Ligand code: LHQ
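A single chain, nothing else alongside it, follows as structure tokens in the form predicted on its own.
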């Protein structure tokens, strides 16, 4: 399909770049953009070239969440079923990001509000421009944090801070988000895209099959008992040990050469 609301490409370096591209609406989601992002993520999942995904936004904002103009809540209009919207679009989106079997980097280039503040949390590594901010804006219009926010926030910053963010809806600066452990790193605005691309290219050259297993193990650790996690580590290590990347890594180490990983 042709894309109107996102920019999408998969480079020869293995980096899949997906940029939200409704800058005049601060990259807020409407139905059309949801469908385009879904198709792009499907292509990444099935691509033999994609080794890492970089998600970012065009213009002065990363994502302002849902485009409220895409819904009719005027007096007398039939009330929308927001649960259906979440089930149809937002839940599949965050599941796709979290379950994608390769590293996912998010470069937050400006304001991230509502669902747009929680999408980065479903990614693996988050870089943010120094001018970026995160706002759990749901409470300001009588809604509940979605897109995984009520699950991810307490686990990343603790329950007290999660409740403050969700109930007050105050702006959290990128630097404070880094200090709280919400994101990986803050960088200067002018170098955000370059820093994110450099990190993506580094990961694309690594044994990405093993990185996908690491991601899977860490994600499942939230729900496993200790003994269950030990068993999962055993099972995943068995898979990793049978991979071509593991064989290549050992061979390169023994022969003192640079490894050439293929992600399998």
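Numbering follows the first chain given and starts at 1. Computed from a predicted model, the values in this text were never measured in an experiment.
One more form of this protein, predicted in complex with this ligand, exists but is not displayed; see below.
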| query | finding |
| --- | --- |
| Open or blocked, once this ligand is placed by superposing site C-alphas in the predicted complex (3+ ligand atoms within 2.4 Å of backbone or C-beta means blocked) | open |
| In the predicted complex, residue 57 touching this ligand (heavy atom, 4.5 Å) | no |
| Proximity of residue 230 to this ligand in the predicted complex, heavy atoms at 4.5 Å | no |
| Residue 86, heavy atom within 4.5 angstroms of this ligand in the predicted complex | yes |
| Touches this ligand in the predicted complex: residue 64 (any heavy atom, 4.5 Å) | yes |
| Proximity to this ligand in the predicted complex, single hit among 125, 164, 135, 156 (heavy atom within 4.5 Å) | 135 |
| Heavy atom within 4.5 Å of this ligand in the predicted complex - residue from 168, 190, 143, 79 | 143 |
| Stretch in contact, per heavy atom within 4.5 angstroms of this ligand in the predicted complex, of 250-258, 21-29, 237-245, 5-13 | 21-29 |
| Residues within 4.5 Å of this ligand in the predicted complex, restricted to 150-169 and counted by heavy atom | none |
